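Only one chain comes next, encoded as structure tokens, the form predicted on its own.
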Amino acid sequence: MATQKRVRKSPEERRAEVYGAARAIALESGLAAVTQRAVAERVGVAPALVTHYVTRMELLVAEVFRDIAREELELVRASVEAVGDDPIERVVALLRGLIEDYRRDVALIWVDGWSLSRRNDDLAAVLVEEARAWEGFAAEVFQAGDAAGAFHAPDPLALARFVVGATDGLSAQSAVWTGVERETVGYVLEAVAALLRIPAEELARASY
């Protein structure tokens, strides 16, 4: 019987495998679980070979975080755009994307990101960049509503930072606390309505 010749994978293919393994581990168990050994076991290679295809594990972790965070933002952006031009509807869609419709695996990644970034400068730089992107998008939603006269948001970036910061805290809780998403959205709607100087019923009306 003829022996089947083993096909050697190209560096690009092997690196794609390494990245895919790291991403899968992050979504399953969080960024903290993305280690050289864990990635090697997932790919089926010796641990030393992992660093042959990536410069540093810190960079790989930062890359995985960046891609997942950007994907999440684009999903929320799409959901906001899908509701049309009504400023109130857009705010509700934004809050739903940040709180109610969160993906628990992504929430855990953000929690790990804030923690691990204290010891990973690459991750810290990426995390700040992605957090600012979230704030910028939320500010656009608030600024448009203020310009249209739908609500009061004279400092949309400050409001965006408050809302994103608050939902970051909720995301941390969501890593272990589930089943109260709808109730939490209600509380946040009330708080944001007060900041926008509109009746809470206006946001509640659009939320369900």
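Numbers for residues come from their place in the sequence shown, where the first is 1. All figures in this text were calculated on a predicted structure; none of them were measured in a lab.
As for the form predicted together with a further copy of the same chain, it is not shown, yet the points below apply to it.
- Of the residues 159, 68, 54, 45, just one reaches a further copy of the same chain in the predicted complex with a heavy atom at 4.5 Å or closer; this is 159.
- In terms of contact with a further copy of the same chain in the predicted complex, the residue from 147, 166, 49, 59 that brings a heavy atom within 4.5 Å is 166.
- Contact annotation: residue 40 falls outside 4.5 Å of a further copy of the same chain in the predicted complex, judged by heavy atom distances.
- a further copy of the same chain is not shown here, and in the predicted complex it never comes within 4.5 Å of any heavy atom of residue 24.
- In the predicted complex, a further copy of the same chain lies farther than 4.5 Å from every heavy atom of residue 16.
- The closest heavy atom approach of residue 141 to a further copy of the same chain in the predicted complex falls outside 4.5 Å.
- With contact defined as any non-hydrogen atom lying within 4.5 angstroms of a further copy of the same chain in the predicted complex, the contacting residues in 16-39 are 28, 29, 30, 32, given in sequence order.
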